[in-house]
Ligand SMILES: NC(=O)c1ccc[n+]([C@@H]2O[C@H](COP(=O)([O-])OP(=O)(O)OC[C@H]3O[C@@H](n4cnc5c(N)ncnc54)[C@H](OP(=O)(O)O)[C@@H]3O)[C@@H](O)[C@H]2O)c1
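Take a look at this single chain in structure tokens; it is the form predicted alone.
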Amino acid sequence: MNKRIAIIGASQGIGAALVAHFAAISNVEVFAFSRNLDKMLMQFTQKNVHSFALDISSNVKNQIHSLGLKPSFDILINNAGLLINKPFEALSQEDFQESYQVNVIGVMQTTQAFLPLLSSNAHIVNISSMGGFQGSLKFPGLAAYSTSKAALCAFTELFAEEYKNTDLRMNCLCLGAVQTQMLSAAFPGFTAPTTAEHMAEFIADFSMHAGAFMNGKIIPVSTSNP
């Protein structure tokens, strides 16, 4: 039976690289979700890739329910993210709300909506940041981003505890610098040591195999900061 993999935030960067990586594996069906459906339809023409519009900035559960998805998914990768780089005193109410909605609340709501769609031993992988990893180097301007990514780490631990008597597994990867559009916008002129494609290979392997060995773990994946 084909493995069914859902990737949230799939239209660019690491998400798009994950879709391409999984699509090249036999016996895998990839379900790609992003608010930019047209971009995904242009990029992902493989027969084993299915693209769906999803905007996790609001009304997440109703959007997912309306898609009519059928069980069961073996892997859910919560990859969507928003990075706002502003001095702390310049951050607005909207900046805080949008950062937390996309980076943690939307992830929790997506997970809620997918619960009845997951296989009994599904692996959920949350993509956080070294900026949200306790004790890591922090950067000015990222108060909304890094604190929301830290909240995603806490959610991972809490979910694993709440569902520890099931076979569901959730882990969180805190990524260091990866060369993506989001990084370039936040740190103009900075070149990361890791490409989106190389990071996607790591995340794909982790999502396919690590659920058998760990649950509720917050794992730093970085050779460099930012």
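Numbers follow the displayed sequence, beginning with 1. As the structure is a computational prediction, the values presented were derived from the model and not from experiment.
Note that the form predicted together with the ligand isn't included here; everything after this is about it.
Contact with the ligand in the predicted complex, defined as a heavy atom within 4.5 Å, holds for exactly one of L118, A151, V102, A113, namely V102.
This chain is displayed alone, yet in the predicted complex one of V30, L175, C172, I64 has a heavy atom within 4.5 Å of the ligand; that residue is L175.
Note that among 121-129, 135-143, 67-75, 89-97, the stretch whose heavy atoms approach the ligand to within 4.5 Å in the predicted complex is 121-129. Residue contact with the ligand in the predicted complex: Q46 places no heavy atom within 4.5 Å of it.
In the predicted complex, the ligand stays beyond 4.5 Å of every heavy atom belonging to H198. Contact check for A80: a heavy atom falls within 4.5 Å of the ligand in the predicted complex. N215 falls outside the set of residues with a heavy atom inside 4.5 Å of the ligand in the predicted complex. Taking a 4.5 Å heavy atom cutoff to the ligand in the predicted complex, the contacting residues in 24-40 are S34, R35, N36.
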